[in-house]
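Shown below, as structure tokens, is a lone chain in the form predicted alone; questions about how it binds or moves come after it.
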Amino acid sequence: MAVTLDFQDKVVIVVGGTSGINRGIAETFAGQGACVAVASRSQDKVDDTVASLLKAGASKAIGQAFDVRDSEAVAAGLTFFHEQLGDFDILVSGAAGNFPALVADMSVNAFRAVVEIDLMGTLHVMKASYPFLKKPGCSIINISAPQGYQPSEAQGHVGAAKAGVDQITRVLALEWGKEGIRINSVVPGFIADTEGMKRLSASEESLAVSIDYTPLNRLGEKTDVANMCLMLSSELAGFVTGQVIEVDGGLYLRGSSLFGKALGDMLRAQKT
């Protein structure tokens, strides 16, 4: 039986969808003719992204500026999306914050800031969206990170937060599954033209190391992650839920020791 991916007029919400991987996801769904709503903290980025989504082929595109750390603002923003577009067929939660820092040198507030964005932000999006999810049929995708299960020096804050995100994914797969809601985490590897990649591979030498360390011997593209989101939101993945899925060219198989040690060594060298 042939299976086609049909997202024409589907309602797709992408929180954090105005830059990087998340914008790539939003634009890919737009190219499939979906109704796409994006949110981030910057109204300028929201406006720019909405224009890009319409150009890409979205049947409708809207946006709102809000901070995922503010539960009331998240609830108001998602309520607006529901009023404009109706029940959500697909929800992508991708707001994130990160910076390299050793735990001993990091302020409590800095640690808390990442937890507030990554973990509490995910919780706020999940809770506020629940009344608006299509039941049955909604697909939720949380954008996670390998630090959630592979310890890395200088990433203790992110690791703690993303481990929590993945556990929320698993728990909600249990709690919401009876209503026909599926939820999965997607974990990107080294993705070209992203802020994270710029931090990790600022030089040609470090970029070459990143490529060599990836078994498929290339950087990923934003479309690689977006295509996984398309599949997870289609009937092809109709029996898939509660999973943490790497889109990393096999990077997970090598572990994080090399890059974690490099980050730690870099920060320690800066102190001497």
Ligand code: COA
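We number the residues from 1 along the sequence you see. Owing to the predicted nature of the structure, the values given are computational and were not obtained by experimental measurement.
Quick note: we don't show the form predicted together with coenzyme A (COA), though the next part is all about it.
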| item | value |
| --- | --- |
| In the model of the complex, N98 touching coenzyme A (COA) (heavy atom, 4.5 Å) | yes |
| 4.5 angstroms heavy atom contact with coenzyme A (COA) in the model of the complex for A173 | no |
| is_contact(G196, coenzyme A (COA)) in the model of the complex, heavy atom dist at most 4.5 Å | yes |
| Contact label in the model of the complex: M126 to coenzyme A (COA), heavy atom within 4.5 Å | no |
| Residue stretch of 90-98, 176-184, 77-85, 126-134 approaching coenzyme A (COA) in the model of the complex, non-hydrogen atom distance within 4.5 Å | 90-98 |
| In the model of the complex, the residue from K60, R41, R218, K55 that sits within 4.5 Å of coenzyme A (COA) by heavy atoms | R41 |
| Contact residue in the model of the complex, chosen from I117, C138, I168, A73 - any heavy atom within 4.5 Å of coenzyme A (COA) | I117 |
